[in-house]
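A lone chain, given as structure tokens: the form predicted alone.
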Amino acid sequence: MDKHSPIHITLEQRDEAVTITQWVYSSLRRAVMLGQLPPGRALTIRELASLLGVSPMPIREALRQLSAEGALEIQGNRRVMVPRMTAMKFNELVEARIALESHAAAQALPYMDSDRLAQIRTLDDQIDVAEAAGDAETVMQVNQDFHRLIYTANPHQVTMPLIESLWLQLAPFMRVAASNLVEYYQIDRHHEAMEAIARQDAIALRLAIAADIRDGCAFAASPETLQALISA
């Protein structure tokens, strides 16, 4: 990645009830989550302030929060960047995702109803449309929404902040992988997950979520491919 390549951040309209600092944090967090800020791309506070059309102060506060979440790395020269990925870190993040998300799905299953399952199916259809159109950013966003809608069915759910922290650390690299790989999924694990939900089969749901995550990271089975993407 060219350290000076152009950055495009999709900005959402700010609600009057939301402070500038909250909006900046949300915008930058979403940019990381969608891979709009690629690993290794150095950014300055001035550059980010210009991109978002705000003063440096809310940028600094947002960067402090995102750094605490592991999404961004603040360097000594007043620059920030999405941390570079390593093979060992990647494997740790994937295994942590599998452990947390398969647990979260199983715990949410008793609270699933037909209305939520219908919403989940709608999101899966949207993913298919985005994949057919080659819209990698929308695929990432709606895929996250798909998983989030499953896990948050549990009203006592406490793992979502941990899960989203893992997504933040993985998403920029996964966006790089998506743009460099011809194929991701070979089996529709989302379909398996939705069937497990319909049957109220917790074991099948755990397996489907774990397989979905592993399939999305199948390129890591080849150390050469993983290293090439890390070095991209």
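Note that residue numbering follows the sequence shown and begins at 1. Bear in mind that the values here come from a model prediction, so they are computed numbers and not experimental data.
Not on display, but discussed next: the form predicted in complex with the DNA.
Among the residues 199, 191, 46, 30, the one placing a heavy atom within 4.5 Å of the DNA in the predicted complex is 46. The closest heavy atom approach of residue 39 to the DNA in the predicted complex falls outside 4.5 Å.
Under a 4.5 angstroms non-hydrogen atom cutoff, the DNA in the predicted complex lacks residue 68 among its neighbouring residues. At least one heavy atom of residue 77 is located within 4.5 Å of the DNA in the predicted complex.
The DNA in the predicted complex is approached by residue 60, whose closest heavy atom lies within 4.5 angstroms of it. Remark: of stretches 77-85, 99-107, 156-164, 131-139, the one touching the DNA in the predicted complex is 77-85 (heavy atom within 4.5 Å). Shown without its partner, the chain has 19, 20, 21 in segment 8-38 as residues with a non-hydrogen atom within 4.5 angstroms of the DNA in the predicted complex.
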